[in-house]
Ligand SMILES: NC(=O)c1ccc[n+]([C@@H]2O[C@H](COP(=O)([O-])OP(=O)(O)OC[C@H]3O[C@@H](n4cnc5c(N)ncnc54)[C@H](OP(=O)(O)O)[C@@H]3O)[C@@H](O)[C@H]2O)c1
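Only one chain is shown below, in structure tokens, and it's the form predicted on its own.
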């Protein structure tokens, strides 16, 4: 979902962060009629994490979005953490800028894996597939293999990533980019994450996974499976999180422009009001609250039209989920991201988005916000 590399400007400055103490812990919560177990960070204060992982070296493979966020949070929590990336590549240089030291806690991937006890494979999905033949022999008994996405193991017929059966294989999947994992941690908060166990060779894999979830900066975690995680993740980013919402923005904006509305008016009624006023309200209080907070006219229109959008879009979402479940989306992703001209082809598509009128208008509208003056 996110760019795999971060520019120097995109990486926040380092700051020592401490997990806040609170009274929340393990609890069972009724989510709309379904009771689920939720683990919260109070059960894993920093002192407990330090003791639990005192004999471990956490090897973070890859320094893209998640490698960056999780790696720095682990380091700030005082755990022995090393980074494994291609020597002298862009990620290697980015890691040095963030204070990782070659030969001390920054190594080429294979060397780092040999030194690590918990191997956190946070390379891109395509890179995980491409490097698996060289990584797998280094995953010797006693090590733990960690993912933050179910992509590679679940679609192993396409990725060829089949974890060894004699080691713990686990997953912590933050529900946000690595930048969010890092920024929320520094603010004393925490992203929510899901966790799963693929293989429990030691009988302690679940406990270890929950501990790692807290160590990387999660606020609370809930259980899933590798399969459910990857299906829901691929589905969400193509739907409401990115692809679907972008398509809906474009459709509304274009119809407004076709009917004579100015660019600024079309953008404000489509994007600015939603992201700056209404969506934050939904995020904080829920859609039901937003209905109560809006005018009677707005409420009537929304209540009349949301079923129309749901019924129109549901077949699209069903088709999307079927494509994910069949592996068609995985196959396309791997084929595209493994092309030698991948970056050039991607930039061409991204340039198309950057040059759309709606987002050029957005650049100017954002400048007018009071906080930017």
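Here the structure is a predicted model, which means the values were calculated and not measured. Residue numbers count along the first chain shown, from 1.
One more form of this protein should be noted, the form predicted in complex with this ligand, which is absent from this view; the next part is about it.
Checked against this ligand in the model of the complex, the residues 85, 145, 74, 214 give one hit for a heavy atom within 4.5 Å, which is 85. Shown without its partner, this chain lists 184, 127, 250, 106 as candidates; in the model of the complex, only 127 has a non-hydrogen atom within 4.5 angstroms of this ligand.
The candidate site formed by 46, 58 and 78 is entirely out of contact with this ligand in the model of the complex, as no residue has a non-hydrogen atom within 4.5 angstroms of it.
In the model of the complex, residue 116 stays away from this ligand, with no heavy atom inside 4.5 Å. Residue contact with this ligand in the model of the complex: residue 90 places a heavy atom within 4.5 Å of it.
At the 4.5 Å threshold, heavy atoms of residue 122 reach this ligand in the model of the complex. This ligand is not drawn, but in the model of the complex it has a heavy atom within 4.5 Å of residue 177. Segments offered: 66 to 74, 322 to 330, 303 to 311, 49 to 57. Contacting this ligand in the model of the complex at heavy atom distances within 4.5 Å is 66 to 74.
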